[in-house]
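One chain comes next, on its own, written as structure tokens: the form predicted alone.
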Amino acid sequence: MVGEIKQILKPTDFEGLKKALAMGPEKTIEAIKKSGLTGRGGAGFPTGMKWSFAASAKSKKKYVICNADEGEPGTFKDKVIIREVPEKIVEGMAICGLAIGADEGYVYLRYEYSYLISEFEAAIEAAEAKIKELGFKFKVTLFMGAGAYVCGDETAIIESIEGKRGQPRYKPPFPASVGLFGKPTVINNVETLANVPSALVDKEWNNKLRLFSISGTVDKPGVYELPEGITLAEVEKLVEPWGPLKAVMMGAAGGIAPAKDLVFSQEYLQKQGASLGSCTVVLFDDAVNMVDIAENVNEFFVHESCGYCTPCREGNRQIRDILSDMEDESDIEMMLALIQNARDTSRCGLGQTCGCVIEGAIRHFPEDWEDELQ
């Protein structure tokens, strides 16, 4: 791991939960809303608002789920939190449980992180004991996924925990009203929950600081705690690229943008057809061909599609066939049509974003495609 990480790793010693217990559910939700904390898993939905939906749902039983299924290619930030401050994740879950009226939660851990189980379970047990000492009952179960990228979708996580095939559900109803085992459920990402205690008690807590997973053609890949809005020029000084940078990929689902004058803000990236998402950053220097990147990302989605939606399942395979034997501009037009069809008709985010990198590569780097067609 390279880079200085301070805010997210700063311990709170359960002061956040103590404050939440003193304030009560309604004031806790209002405090989280006021903090401006948004989801760090990709969607960026306001955390306090999500909690308020579940809090208002009428049910004797409710659940909190921590999404630790860190499956986005190029993402490895949640692993740092799990290893360094697992107690903050459990504390964040307990605060959420207090706020919405839940006494039980699940951590959905990706299969590839199975080597973290023993130390994570020990941390959970210790955190549960501390929570009990404070006069609040909250049980946490660590649940291992089976390695499916689609289970990063919150409703697919629910299906998986319930013992079903990990496929997304139709929405509505949303999990806040009908979630795990049919009960109101809040699902938050690891980084989101670990920020909750600090957002309540740390006066220096900065909502704009995010964990960036940075890799690619650089000498110093790693997890960096950086502010939203930082420029690529500033990031380059930290990671030391191999050569002049050509493109920035924001994960397989976040799209791709030219490196020139790039700013890591949602507003700037949206104009480029990309997304800040979970702050997954893969850098490519000018020796990399974007057609090769498109083929690599497409192969990932072919493998990871759950198979439910035809436009995603078959569309990605058709794109793979086109990429392997392109002849003229009509092939590119066909790929763009298949991408748009999947975006418009797929059931979940996997199908809706599976073509973002290919689309961006075609839009921003036409010269690479022209060379391929010659």
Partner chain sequence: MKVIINGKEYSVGKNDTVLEACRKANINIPTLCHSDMLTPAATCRICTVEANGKMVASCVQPVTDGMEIKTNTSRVMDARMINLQLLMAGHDDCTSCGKNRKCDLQRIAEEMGVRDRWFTTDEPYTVDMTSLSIVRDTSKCILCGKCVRTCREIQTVEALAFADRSVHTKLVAGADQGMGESVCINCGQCILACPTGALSEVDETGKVWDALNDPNKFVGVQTAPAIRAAIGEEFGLPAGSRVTGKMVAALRRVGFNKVFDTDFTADLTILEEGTELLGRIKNGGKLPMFTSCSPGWIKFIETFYPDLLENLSTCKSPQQMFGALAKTYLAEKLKVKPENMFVVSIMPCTAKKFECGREEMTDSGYPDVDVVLTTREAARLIKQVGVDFVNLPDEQFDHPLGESTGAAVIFGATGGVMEAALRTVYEVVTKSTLPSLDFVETRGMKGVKEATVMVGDLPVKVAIANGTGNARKILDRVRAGKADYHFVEIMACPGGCLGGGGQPIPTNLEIREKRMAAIYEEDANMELRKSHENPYVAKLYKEFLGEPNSHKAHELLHTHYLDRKTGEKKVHGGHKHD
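Numbering follows the first chain given and starts at 1. Computed from a predicted model, the values in this text were never measured in an experiment.
Another form exists, predicted in complex with its partner chain; not displayed. Remarks below refer to it.
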(request) Just give me the single entry in 55, 309, 37, 31 that has a non-hydrogen atom within 4.5 angstroms of its partner chain in the model of the complex. (result) 309
(request) Identify, from the list 302, 209, 117, 126, the residue with a heavy atom within 4.5 Å of its partner chain in the model of the complex. (result) 302
(request) Spot the stretch among 166-174, 128-136, 82-90, 251-259 with residues whose non-hydrogen atoms come within 4.5 Å of its partner chain in the model of the complex. (result) 166-174
(request) Give a yes/no on whether residue 62 approaches its partner chain to within 4.5 Å in the model of the complex, heavy atoms considered. (result) no
(message) If we define contact as a non-hydrogen atom of the residue within 4.5 angstroms of the partner, is residue 147 a contact of its partner chain in the model of the complex?
(response) yes
(message) Test of understanding: in the model of the complex, would residue 323 fall inside 4.5 Å of its partner chain by heavy atoms?
(response) no
(message) Residue-level contact is defined here as any heavy atom of the residue lying within 4.5 Å of its partner chain in the model of the complex; does residue 317 satisfy this criterion?
(response) yes
(request) Let me know which residues along 332-360 have a heavy atom within 4.5 Å of its partner chain in the model of the complex, or say none if there are none. (result) 334, 337, 338, 341, 344, 345, 346, 347
